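Here you'll find one protein chain in two forms, each presented separately as structure tokens under the names structure 1 and structure 2.
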Structure 1
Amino acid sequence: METTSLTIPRYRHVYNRLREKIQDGVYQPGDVLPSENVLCERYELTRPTIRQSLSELVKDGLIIKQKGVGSIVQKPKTGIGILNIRSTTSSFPKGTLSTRVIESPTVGEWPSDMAFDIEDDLREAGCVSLSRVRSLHDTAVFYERTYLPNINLPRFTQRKFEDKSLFKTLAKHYDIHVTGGKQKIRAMKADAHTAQMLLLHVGDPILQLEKEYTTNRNKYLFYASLWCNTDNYYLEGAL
């Protein structure tokens, strides 16, 4: 029997655990996940909750439901699943994504050109920013800048994010879990800095994603700007 955390929805806890096991290879393509009855007993949850967890895995293309058989694990997709408001790291098969830190976490003021309105109390607290380049199979696929309110994040500037998941760090050390969010997407041309980060030419077409994340902390939101090289990979996500 596994216990669930009350800081995130119960269905999301099961979803996260099953997704991790699929991406870590515990469940291989073609394997059948434990039955709903087994999962209900393992997590001490109701059948509707377990079914919601499995439905999310179906939406992400990680499993298919087959009548008389159960939930069958699917082969990972070739797209980049970062259109969902989820951990970027969890969107890729284990071992395929590498992270290079461009700017380590630094305390400062919020940028003046944020894509979303920042609440006054968050703005007054200042922010912690960091930037990273994420590569898939040694190809730089996106450059990311992240901004977090500088509230109750002890020793955050001392954390290492080389090949580390920001979401997992927030969950493990600060009990901050992403619960949802929204995003804005636009096509643009790479400027000199972005082209350098993504190993492109100035003027090459790229996509920019602006993300606002909500969390289990009351009124605690954080933000990310991503510039994506889609020459070799498309972006995908469940609707």
Structure 2
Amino acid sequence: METTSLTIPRYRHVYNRLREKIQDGVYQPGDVLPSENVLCERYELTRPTIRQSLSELVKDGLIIKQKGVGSIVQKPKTGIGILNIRSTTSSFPKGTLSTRVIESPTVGEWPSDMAFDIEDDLREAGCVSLSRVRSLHDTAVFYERTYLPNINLPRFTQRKFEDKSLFKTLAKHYDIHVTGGKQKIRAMKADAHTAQMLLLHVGDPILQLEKEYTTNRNKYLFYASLWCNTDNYYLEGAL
């Protein structure tokens, strides 16, 4: 019997609430969040749990903590927040990012020029790939190709990703949660295809990211390649 853990951890619940309040402007940049002890009372949790929520906000760069002072809300990012682990869509305020699906999910082979080594199990299972272009304020900012192992993903190729994020789809329908990963970054010249996708000229400098995501499912990794136009927007992230 598969016992999917549909209960989200409490620290994540608090993280979500606080993040909403920061992104909605309830807590303004420069403000100090309620102290850890106050949050303990408010959410009826103990301090280690609250601290775990706050440390996730630090990871995202939404707050910084100062000993003897508190948790200070940071100014929202002006660039593209895809350096950290959150899904792309959740890195932007609602409505600012638009997505165009170039290639719907298709079953096929793994690409030959993967930036990461993949295990034989995954290679044999084959690969589901899709590609999208994301735009910010009507300028194409990045072109993304995602590769997932074709294991236990019933009806995946028929799903739509227009409005939903891939991360949420994986979580909701397949109980797959991203737990971590690695990335590689380099600068390169745009080739013909990428230039077309990002509305640039061939040879323009673009930024390439290769990502490997680990999940709660043992040995289930998936991959994404991104090409970014950074003429107007930096990539941003916390250290």
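Basically, rigid core = biggest C-alpha set you can superpose within 1.5 Å across the two forms. Numbers follow structure 1, counted from its first residue as 1. Please read these numbers as outputs of a predicted model, since none were measured by experiment.
K.L.:
Between 1 and 2, where do we have the form predicted alone?
P.N.:
It is structure 1; that copy is the form predicted alone.
K.L.:
Note yes or no: does the Cα of residue 222 move by 2 Å or more between structure 1 and structure 2 after the core is superposed?
P.N.:
No: residue 222 shifts by under 2 Å between structure 1 and structure 2.
K.L.:
Once you line up the core, how about residue 64: does its CA shift reach 2 Å between structure 1 and structure 2?
P.N.:
Yes, its C-alpha moves 2 Å or more.
K.L.:
2 Å or more on the CA of residue 207 between structure 1 and structure 2, with the rigid core superposed, yes or no?
P.N.:
No; residue 207 is a residue whose C-alpha shifts by less than 2 Å between structure 1 and structure 2 when the cores are overlaid.
K.L.:
Would you mind giving the Cα movement of residue 46 between structure 1 and structure 2 in Å, after fitting on the rigid core?
P.N.:
Its C-alpha moves by 3.4 Å once the cores are overlaid.
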